[in-house]
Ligand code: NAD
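In the form predicted on its own, a lone chain appears below as structure tokens.
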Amino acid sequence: MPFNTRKITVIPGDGIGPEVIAAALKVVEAAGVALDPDIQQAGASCFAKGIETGVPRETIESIEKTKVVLKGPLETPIGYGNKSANVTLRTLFETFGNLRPVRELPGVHTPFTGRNLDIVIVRENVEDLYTGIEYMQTPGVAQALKIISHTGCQKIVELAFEFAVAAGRKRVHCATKANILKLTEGMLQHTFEEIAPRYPEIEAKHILIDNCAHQLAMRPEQFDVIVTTNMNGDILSDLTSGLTGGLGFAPSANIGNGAAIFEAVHGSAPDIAGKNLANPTAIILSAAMMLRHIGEGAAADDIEQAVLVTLESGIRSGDMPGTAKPTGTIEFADAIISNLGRESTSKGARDFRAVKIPAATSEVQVVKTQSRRVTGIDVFIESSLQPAELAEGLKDVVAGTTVSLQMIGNRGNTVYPVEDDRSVTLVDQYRCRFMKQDRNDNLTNAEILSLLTKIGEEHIWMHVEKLQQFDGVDAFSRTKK
């Protein structure tokens, strides 16, 4: 074994994973990089063994040692209890940033060919709805918690700007749904606006996520780097992949302070597994991103250029349009190897510098305030009563206490009090807002517990949310008419 061999964790994955991973490792070896792959398992085979996370302890220990992973696609259970093994890995090693580059590729014809697309989605990777925190509130009403932190926003925005600087990019868009989700998505927008002035050489723009999707379909060439939340980033990154040829050409990097995971973003494609039909381009480009991460930038450039030369030559995989006979997985990798050392006639190598990753800390992150006060609570109640009936009963419950019933909501609509005869389809989950009668007074924990005890004597309640003010500003959403 060469003295300077770099040990990495390799997870072949499910379906076509082992085939495309083998092709990528073959290309990396041919590029002159000595890797010592530690082969580990995750995904379907581990779920089948009863490992609930899909990630065995041996795999975790390997990643803790190597800190670099090249991973094939993993099957994810759909619609039942097991958490995605992909999400487990991202969470365990806090790979907080997902980089998804897409660019126009020679020989890969799409409706956008000729527009020189070159876009990178920087997706927050561990928060948002992907925390997977869900509850059945009633037998017919489910709830998911969207968790967004200032620290998470700060790290992903800093990563986006640092990547833009390192890659010579000129513009960063921040895409949010802050017009509707003013506290969660709004936190990313505000953090972006706070950090952007530290990078005066980068043009910074905020854009609503729906408009961003619209503009990506109309004028995608206006975008350079887009930073966004986890769910939005998942959707947008697949959208941008479709603009440039599909998931078979889409590499990705999951970046954290303690580990980095490199993977193609396509699925396991079990229908073609073992048939030498899979397109290995995405995982080969992911391997190039990995090489750049571990300081093998010259080899990464060589591989990327060889991929471009191969595509320019007319060689195609099964997922590429055209009349030429498609090339198999191994043959495609061999063609790339034969083109190592050659330069593309259409796209030169980029001038990448090392990306400065936001520093990690073991301290609990706290946003400090000068004052805070609880002005009320929202109590979620299961009931089959009509809103007016429920309201009258709750008024009796809180009579003589320090709070009064302000409103009742159902599926986001205010159903009590109402000023007209609007008809709203009701379900058996009500959000009941109680406010302190003296708005300058603080609602204590003892008062809240007493109130919940009184409500519990008459109704089934599921959970409660404090309505807080930080530095005199309401820290909760207003009721919607």
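In this text, all values refer to a predicted model and were calculated from it rather than measured experimentally. Don't overthink the numbering: it's just position in the shown sequence, from 1.
Keep in mind that the form predicted together with this ligand is not shown, yet the notes after this line are about it.
Check your understanding: Quick check: do 263, 268 and 279 each get a heavy atom within 4.5 Å of this ligand in the predicted complex?
Key -> Answer is yes for this spot.
Review point. Which one of 158, 118, 319, 382 is close to this ligand in the predicted complex, taking close to mean a heavy atom within 4.5 Å?
Key: Checked against the cut-off, the match is 319.
**Study point:** Contact assignment for this ligand in the predicted complex, among 101, 248, 233, 152, heavy atom within 4.5 Å
**Key:** Partner contact (heavy atom, 4.5 Å) among the options: 248.
**Study point:** Option from 173-181, 131-139, 240-248, 367-375 whose residues, in the predicted complex, bring a heavy atom within 4.5 Å of this ligand
**Key:** Among the candidates, contact is made by 240-248.
Check your understanding: With the partner left out of view, is residue 391 within 4.5 angstroms of this ligand in the predicted complex by any non-hydrogen atom?
Key -> Residue 391: no, not in contact with this ligand in the predicted complex.
Review point. Looking at the partner-bound form in the predicted complex, is residue 301 within 4.5 Å of this ligand by any heavy atom?
Key: No - in the predicted complex, heavy atoms of residue 301 and this ligand never come within 4.5 Å of each other.
Point to revise | Residue contact check: residue 327 to this ligand in the predicted complex, 4.5 Å heavy atom | key: No, residue 327 sits far enough from this ligand in the predicted complex that none of its heavy atoms falls within 4.5 Å.
Review point. Is residue 24 close enough to this ligand in the predicted complex to count, meaning some heavy atom within 4.5 Å?
Key: No, residue 24 sits far enough from this ligand in the predicted complex that none of its heavy atoms falls within 4.5 Å.
Review point. Going by heavy atoms, what in 10-41 lies within 4.5 angstroms of this ligand in the predicted complex?
Key: If the 4.5 Å heavy-atom criterion is applied to this ligand in the predicted complex, 10-41 yields only 16.
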